[in-house]
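Only one chain is included here, represented as structure tokens and corresponding to the form predicted on its own.
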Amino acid sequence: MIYDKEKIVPGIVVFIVLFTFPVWYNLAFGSGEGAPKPELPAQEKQCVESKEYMRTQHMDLLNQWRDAVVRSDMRLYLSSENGAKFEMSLTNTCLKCHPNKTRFCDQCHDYMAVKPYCWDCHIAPTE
């Protein structure tokens, strides 16, 4: 026996509707138009790692590269994706395929409100 069932059940229904409203609204009217669309290189199809890995782990990879180069003087990176060797260099490796910071890096970083400190030491490429 539930006391005040006529008040509790509608209250739970109203809570569930209000709590899940953003999800339903986004499914019905969300178009994803604000999602970033970084400019990808036309001629290169292979990055140092897979697209999924780079999308989520590039910041960690760049930190590992920085530490390996600065602290251990290790300059070659062996890709786990295809076994290819790459120079561990933001300027000579990454920016070779992604030379436009505004149309590549800034697209996602601005969308995610992230301020990377890469350009505190490196010179940002000019367009």
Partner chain sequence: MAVDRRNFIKITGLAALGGAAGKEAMDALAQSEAKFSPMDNALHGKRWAMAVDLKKCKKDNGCKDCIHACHSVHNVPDFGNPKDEIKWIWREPYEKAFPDQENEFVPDDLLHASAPLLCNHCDNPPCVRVCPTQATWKRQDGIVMMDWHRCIGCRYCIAACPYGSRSFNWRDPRGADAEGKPYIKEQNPAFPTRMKGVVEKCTFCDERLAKGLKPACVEGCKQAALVFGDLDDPESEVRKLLRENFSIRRKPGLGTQPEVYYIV
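Computed from a predicted structure; not experimentally measured. Positions refer to the first chain, counted from 1.
The following text describes the form predicted in complex with the partner chain, which does not appear among the structures shown.
Visitor: Which is the contacting stretch out of 39-47, 22-30, 97-105, 60-68, given heavy atoms within 4.5 Å of the partner chain in the predicted bound form?
Guide: Checking each option against the 4.5 Å cut-off leaves 60-68.
Visitor: Although the partner chain is absent from this view, report whether residue 74 comes within 4.5 Å of it in the predicted bound form, heavy atoms only.
Guide: Answer yes; at least one heavy atom of residue 74 falls within 4.5 Å of the partner chain in the predicted bound form.
Visitor: So in the predicted bound form, does residue 92 come within 4.5 Å of the partner chain, heavy atom to heavy atom?
Guide: Judged by the heavy-atom cut-off of 4.5 Å, residue 92 is in contact with the partner chain in the predicted bound form.
Visitor: Residue 78: heavy atom within 4.5 Å of the partner chain in the predicted bound form?
Guide: Residue-level check for residue 78: yes, a contact with the partner chain.
Visitor: In the predicted bound form, does residue 111 have a heavy atom within 4.5 Å of the partner chain?
Guide: Residue 111: no, not in contact with the partner chain in the predicted bound form.
Visitor: If you look in the predicted bound form, which residues in 84-108 sit within 4.5 Å of the partner chain (heavy atoms)?
Guide: Heavy-atom contacts to the partner chain in the predicted bound form: 85, 87, 88, 91, 92.
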